[in-house]
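This document starts with one chain, in the form predicted on its own, laid out as structure tokens.
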């Protein structure tokens, strides 16, 4: 056993906010590692007779290589095509018959699967999940079937999406060496090229218990749950150690630009800067900056670019935490007839104001209130807690970090926001993609 240690979930009081009781007690988490390397974290929470069961595999597009981009996402689809005990399409049929449902997602860093269900279905879920981790069916037919599904998904979400096309171009500008430079869904030619032998090698390495962690949150008995997991998973062999992820991204020494031509009613603008890794203390400050700039009607960019100058019909900021240094994105859909150069000047001017003068204390209080609300909503459900534990361990290296989000936000002040704006939004280190509307013929 790893022991039942852990910090209780006791959010520290934020300035000007009343002290509130702890939502969760993470000291109740039972952490255990099987002999094959599978990590298991169980948190009993019996306010409702439900359970959320998350399986995180430490693999995403950052673990791929050129020629096999997209295999992580393709494999997410393959996991629903049957195993030794439960054949094709049986997984959801059995789960739904017990009142549960499932889904999955793939990101740059992880692939996660979850089931939400009534507590009495726990053994069924453990049986289903262990079955496909032990003996997934990898056939030519299932590969071809899922390949076509993924190709269609890529056409829909990337090749026929203005933002999808621009984001794909931007990431390939921001990163020259790191695997973050290709899209999670992969390049179309690579998706077409992936062979069954590639899938078998991928499965043995990245879907082995030694590369996975299970999070069980809800109306469960921790001792009984750990015995159940031992019984179903202990005989699954560990896998080989995954290859290290290439680092060594060279420093950016000037602005990088690209233009995307695509049928549209108006231009659009997407800019990106390399940010820190998730473990950096600056990640929380960038969350606050993101909200100050573009979350809500009273955010800076929305007020200036959309409401006052009417240069854009929408503006947004995207800052997602990643294992390695990620990307801080600014996206603006311009109003028809607005020159891109004019919108760019105003966007750069607003960002320069933040770097030069910072943001007000009131803006920071508003941002932290919105972030706090978001964290509290996530931790209000078994599903949200299980996901938060998995994300924290995958990105930050410790599931206990799931209980420290409010503490990190509470520590951010206006000076921190100004400092990260100066450090990360340097004009000489930005990458810019412009949508040039193409006339349909």
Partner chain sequence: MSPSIALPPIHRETLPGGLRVIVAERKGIPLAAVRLVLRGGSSLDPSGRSGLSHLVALAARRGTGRHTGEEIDLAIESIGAELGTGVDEDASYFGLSAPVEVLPRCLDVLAEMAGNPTFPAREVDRLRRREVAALAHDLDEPGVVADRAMLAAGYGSHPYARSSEGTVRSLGAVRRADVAGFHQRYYRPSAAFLVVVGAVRADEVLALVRRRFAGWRTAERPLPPIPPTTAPRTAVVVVDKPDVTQSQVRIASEGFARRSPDYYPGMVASAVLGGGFTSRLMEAIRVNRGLSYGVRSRFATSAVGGLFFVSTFTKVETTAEIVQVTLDETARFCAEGPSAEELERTQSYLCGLYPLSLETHDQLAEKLADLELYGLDDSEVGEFRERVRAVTPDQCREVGRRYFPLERRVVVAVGPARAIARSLERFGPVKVVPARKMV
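Between two forms, the rigid core is defined as the largest C-alpha subset superposing within 1.5 Å. Residue numbers count along the first chain shown, from 1. Keep in mind that this is a model prediction, so the values were computed, not measured.
What comes next is about the form predicted in complex with the partner chain, which is not displayed.
Using a 4.5 angstroms threshold between heavy atoms, residue 197 stays clear of the partner chain in the model of the complex.
The closest heavy atom approach of residue 33 to the partner chain in the model of the complex falls outside 4.5 Å.
Contact between residue 146 and the partner chain in the model of the complex is found at the 4.5 Å heavy atom cutoff. Under a 4.5 angstroms non-hydrogen atom cutoff, the partner chain in the model of the complex lacks residue 193 among its neighbouring residues. Looking at the partner chain in the model of the complex, residues 93, 303 and 376 each place a heavy atom within 4.5 Å of it. This chain lacks the partner; the member of 369, 165, 359, 340 within 4.5 angstroms of the partner chain in the model of the complex by a non-hydrogen atom is 369.
Residue 159 is the only one of 123, 255, 159, 223 with a heavy atom lying within 4.5 Å of the partner chain in the model of the complex. Only one listed stretch (376-384, 391-399, 56-64, 408-416) carries heavy atoms within 4.5 Å of the partner chain in the model of the complex, and that stretch is 376-384. Contact annotation for 115-132: residues with any non-hydrogen atom within 4.5 angstroms of the partner chain in the model of the complex are 116, 118, 120, listed in sequence order. Relative to the superposed rigid core, the position of the CA of residue 48 differs between the shown form and the other one by 2 Å or more.
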